[in-house]
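Quick heads-up: the structure tokens below are two forms of one chain, split into structure 1 and structure 2.
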Structure 1
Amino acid sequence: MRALTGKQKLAWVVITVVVFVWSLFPVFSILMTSFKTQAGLFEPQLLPPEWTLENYESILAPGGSAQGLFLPALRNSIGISLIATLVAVVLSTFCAYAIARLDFSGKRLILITSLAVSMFPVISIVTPLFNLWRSIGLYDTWLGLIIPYLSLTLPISIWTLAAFFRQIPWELEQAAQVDGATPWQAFRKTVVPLAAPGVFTTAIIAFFIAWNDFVYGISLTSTSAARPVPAALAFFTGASQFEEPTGAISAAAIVVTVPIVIVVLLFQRRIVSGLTQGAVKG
């Protein structure tokens, strides 16, 4: 492979910096807005003319104007997203293993169907799902969100893990069975450890999908019992009917975004490793 020249390296550095700034500028703008006073929101400048923590106090401090909305929603988002991710990863692991290892008719149809489900517009099924959930008692419950979230997380999980399982040598599992392991033991002790990077990557992607959902969260909940953060932000109110809670919404957005950014930065090598290994054609 030919080494890059000095001009090519400089060009790649410039492109990287431009993409980096372009991607992070909206987050930086929201961060600065979260530190502005209500009067400072109308100032035509990026940095706050007067720094304040009142927006964070309103969503986190006891007695804050939005604390009763944000903290329960944050708890709901964490719990619902983690459970949906766990269920999706477990189910997709077995499904992807069967697709990659077993020879049966219809497995291509399963992959196509899962892809079609992921492409189906969510808004078109919210109304029927709303009526069904109201009838069977799942409306405004954790389970009522976890089940729809699986329709978002399972397809991408199946596709990612199926590609990854195809890269694991079949001979390793056969050798374990020759040594006396049952098919389940060979799967659990041989295949799963080798698939750990792919499973980890899939779990992170599935969690992000569940964490960022707005349509199901706003449509299938009515109280703080199960309402997630993206939906709760729509219910923030200002001190009066004429005041927009822009600062509080920005502070809440930063609180729920920063942990995700930290997770990606900490595990970016695992994420890239899992995606690239699954993308190599065996």
Structure 2
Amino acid sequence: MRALTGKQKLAWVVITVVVFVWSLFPVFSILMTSFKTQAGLFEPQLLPPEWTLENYESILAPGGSAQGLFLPALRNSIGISLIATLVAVVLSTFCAYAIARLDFSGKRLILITSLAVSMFPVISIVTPLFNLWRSIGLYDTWLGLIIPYLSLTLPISIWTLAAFFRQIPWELEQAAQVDGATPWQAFRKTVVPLAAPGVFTTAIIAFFIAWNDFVYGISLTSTSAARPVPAALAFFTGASQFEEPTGAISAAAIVVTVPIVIVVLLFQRRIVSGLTQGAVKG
């Protein structure tokens, strides 16, 4: 890389700052809102006139006004998203392995189907599922959300993993066998280490998608038995009927955002490669 002039360096710093502000400002804004007191909420300013933790207490502390709404939703979201991610990753690993490694009729069909499924308008599926789930008792249950979440997580998992697996030099496995390893050893020692980062990246992306869902969440649940966080946020109510739950919503939004941001910070390189490989290299 050529050495940069002082001017160019300055330009890059400016660009970086602009990108930074653009990306983080709304998050910062809702963080500030979460520290405002009920009175401070009506002041039209970014920083809280008076700082408080009462919003966090209301959603997390025992006896908090929105605690009964938030904590079960958090538990539901974590549980349902993790299970949906796990199932999707296991199934799509098998599927992508077959696509990358084996020659069988219908490979193309599977890839096209998963692409079509990922383009599906969720709202079109939700009405029939709503009816079906009500008649077979899956409405407002964990399983009733895990199954539809698979339609969100499976397609992208198959595409990203197939792209990852295609780049694995499978000849290594054979070379290991020639050197005397058993087929299982060869697979475990050569393929697994190369495939693991791809599987892991896919899991993160799939989890993001399940965690983000809103339509299934509000349509297929009615109580805290299964309602996930995004849906619960929309149903927050204030301490009194005339009080907007702005503060509590903001605090809850921050609580569910922080882990995601940490994951993004830790794994940004892998997430980038996973997303771009799956989508463009197909």
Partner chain sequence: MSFQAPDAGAAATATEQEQQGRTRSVTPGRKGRRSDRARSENRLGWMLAGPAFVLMLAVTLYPILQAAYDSLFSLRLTVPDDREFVGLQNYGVVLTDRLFWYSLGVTLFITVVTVLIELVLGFLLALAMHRAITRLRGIVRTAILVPYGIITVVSAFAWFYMFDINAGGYMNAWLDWIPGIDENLNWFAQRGTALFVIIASEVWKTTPFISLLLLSGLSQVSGDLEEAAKVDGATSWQVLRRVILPNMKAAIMVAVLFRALDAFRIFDNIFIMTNGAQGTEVLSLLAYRTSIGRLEIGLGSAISVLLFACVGILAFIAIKGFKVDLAGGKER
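All residue numbers here refer to structure 1's sequence, counted from 1. Predicted model, so just to flag it, every value in this text is computed and none were measured. Note that the rigid core is defined as the largest set of C-alphas that superpose within 1.5 Å between two forms.
Visitor: Which structure would you label as the form predicted alone, 1 or 2?
Guide: Answer is structure 1, the other one does not fit.
Visitor: How about residue 201 - superposed on the rigid core, does its CA move between structures 1 and 2 by 2 Å or more?
Guide: Result for residue 201: no, shift under 2 Å.
Visitor: For residue 262, state whether the C-alpha moves by 2 Å or more between structures 1 and 2 after rigid core superposition.
Guide: It does not, since the residue 262 C-alpha is displaced less than 2 Å between structures 1 and 2 after the core fit.
Visitor: Rigid core fitted, then: does residue 190 show a CA shift of 2 angstroms or greater between structures 1 and 2?
Guide: Result for residue 190: yes, a 2 Å-plus shift.
Visitor: Please state the CA displacement of residue 11 between structures 1 and 2 in angstrom, with both forms fitted on the core.
Guide: So the C-alpha of this residue moves 3.4 Å.
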